[in-house]
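Here you get one chain, nothing else, as structure tokens; it is the form predicted alone.
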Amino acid sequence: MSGFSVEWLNLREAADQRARAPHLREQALAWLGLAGDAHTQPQAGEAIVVDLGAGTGSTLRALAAPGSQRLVWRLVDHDGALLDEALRRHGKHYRIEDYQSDLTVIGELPLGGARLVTASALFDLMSAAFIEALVLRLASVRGSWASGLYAALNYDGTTVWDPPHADDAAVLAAFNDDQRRDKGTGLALGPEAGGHLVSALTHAGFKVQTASSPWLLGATDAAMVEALITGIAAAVAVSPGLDAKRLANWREFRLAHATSGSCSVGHVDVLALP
């Protein structure tokens, strides 16, 4: 899989946390026994959360609530350095089991006993085969520990900049094409990931809810916006639809407005319960 640096994950953290759909987060917490009707939910100490592509622990931080320290957090990532950072930040305060694992080997993922499987900004990097195999494994488990799935921040292919530039649409089309390339798990679904995930979960019998969760970026996010612009330009540099001069002009224009403009990047959150 393509890797992400601690620096980039730190830059995007505030935007990620703002973007999450609040009502789906609350329902995920209720499923874990941390909100809602405690009489119909398991006690928090009994619940296991398996976070796929855990990185530095962003999902753990997003679901922090009274009682969350009593959960068992299984953090799974292929990048040992990111897991080490997650343990450094949270190992003294949470019950963490870390697994450096190849996420594509579905049968070996440590899902046993999970009350909730989570992932943030992961499924748009993955293939259709990965999503279908994971949903099949989740659906095969019945009984007292049937698991839900909370998948946040799946990129939906939309980006709107203000002020606009004549090549925004061309750059976006090239970027979305790049999002669909093989990132180590087969051809990635990119912007189609959210819809494919919902379809697979619904077909498997889950009760599925979705909500929009866009990044809304402004002047206070300038460092992240600059990194985003630079990353997009690098990703589309070999696109046949953009020559180098057009792309350089777009990049310069966008960077010049990083502190004065705004940007919305579309995502969708998904919550599926048995």
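If you're wondering where the values come from, they're calculated on a predicted model, not measured in any experiment. All residue numbers are counted from 1 along the displayed sequence.
Below, we turn to the form predicted together with a small molecule, even though it does not appear here.
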> Which residue, 176, 127, 104, 159, has a heavy atom that falls within 4.5 Å of the small molecule in the model of the complex?
Replying inline: 104
>> Just to confirm, with a 4.5 Å cut-off on non-hydrogen atoms, which of 134, 122, 75, 201 contacts the small molecule in the model of the complex?
In response: 122
> Residues in which of 24 to 32, 53 to 61, 239 to 247, 66 to 74 have heavy atoms within 4.5 Å of the small molecule in the model of the complex?
Replying inline: 53 to 61
> Going by a heavy atom distance of 4.5 Å, is residue 192 a contact of the small molecule in the model of the complex?
Replying inline: no
>> Taking the small molecule as it sits in the model of the complex, is residue 82 near enough to touch it, meaning that at least one heavy atom pair lies within 4.5 angstroms?
In response: yes
>> I'd like to know if residue 265 sits close to the small molecule in the model of the complex, meaning any non-hydrogen atom pair within 4.5 angstroms.
In response: no
>> Since only the chain is shown here, I'm wondering whether residue 9 would be in contact with the small molecule in the model of the complex (any heavy atom pair within 4.5 Å).
In response: yes
